[in-house]
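A lone chain, given as structure tokens: the form predicted on its own.
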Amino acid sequence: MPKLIKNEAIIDDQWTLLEEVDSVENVSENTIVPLAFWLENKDSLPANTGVWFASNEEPETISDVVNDLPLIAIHFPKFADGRGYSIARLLRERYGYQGEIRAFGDVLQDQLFYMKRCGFDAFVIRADRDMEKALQSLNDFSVVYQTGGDARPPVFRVR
């Protein structure tokens, strides 16, 4: 079973992410489907279905039902694409999403600390990367210079 980092621990991934789906019959419990497919078929999908966002999709499209979803995954097509950070912050801060926000795709160890500050609580690490080192990187810094979604005070307010 594949592993991921969730709530600062390495665990078995209980979900299956489908990059493409052609029929509702192919979706079972604990499946993550593309946002467009979910929007078209949400009334026919199992209750425990997650949704994933491409980096160019807007969280406003599900703002009225966001807390009905058990999991929202955000795709990072390449490490230099930072739009997923904004999607996570909007989901947590503007829409009050309380469920799991998962990062997947080109997710690198150096990004995890900042992703966590934006509201991510689960990370699918690339197979060619060290999961233990990635887990340790969630606590790389003891102080922060900016405000974030984690309510951690920046260093200028701590003085």
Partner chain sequence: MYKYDEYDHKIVQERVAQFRDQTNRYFAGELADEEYLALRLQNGLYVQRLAPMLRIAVPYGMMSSTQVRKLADLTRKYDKGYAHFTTRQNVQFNWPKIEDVPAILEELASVEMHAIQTSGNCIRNTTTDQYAGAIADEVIDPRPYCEIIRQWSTFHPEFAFLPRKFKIAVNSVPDQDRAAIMVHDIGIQIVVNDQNEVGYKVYAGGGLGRTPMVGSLIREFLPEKDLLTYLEAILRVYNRYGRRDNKYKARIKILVKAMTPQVFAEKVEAEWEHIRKSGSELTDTEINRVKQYFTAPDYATLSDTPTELAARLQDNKAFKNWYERNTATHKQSGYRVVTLTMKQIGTPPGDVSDKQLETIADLADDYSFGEVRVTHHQNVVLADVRQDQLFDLWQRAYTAGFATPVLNLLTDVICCPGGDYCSLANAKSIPVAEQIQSRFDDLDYVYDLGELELNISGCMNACGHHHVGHIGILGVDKKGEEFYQVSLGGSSGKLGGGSNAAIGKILGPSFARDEMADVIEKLISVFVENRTEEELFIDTYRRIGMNPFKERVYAQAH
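Positions refer to the first chain, counted from 1. Remember, it's a predicted structure, so these values are computed and weren't measured experimentally. Take the two forms, find the largest set of C-alpha atoms that superpose within 1.5 Å, and that set is the rigid core.
Separately, the form predicted together with the partner chain exists; it is not shown, and the next lines address it.
Put simply, Thr31 is far from the partner chain in the predicted bound form: not one heavy atom of it is within 4.5 Å. Contact between Ala151 and the partner chain in the predicted bound form is not found at the 4.5 Å heavy atom cutoff. Although the partner is absent from this view, Cys118 contacts the partner chain in the predicted bound form, with a non-hydrogen atom inside 4.5 angstroms. The closest non-hydrogen atom of Asp13 lies beyond 4.5 Å of the partner chain in the predicted bound form. Contact with the partner chain in the predicted bound form, defined as any heavy atom within 4.5 Å, is confined among 65-73, 43-51, 118-126, 23-31 to 118-126. For the partner-free chain shown, Phe79, Ala80, Asp81, Gly82, Arg83, Tyr85, Ser86, Arg89, Leu90, Arg94 of 77-104 come within 4.5 angstroms of the partner chain in the predicted bound form, judged by any non-hydrogen atom.
Taking the rigid core as fixed, one finds a CA shift for Gln146 of 2 Å or more between the shown form and the other one.
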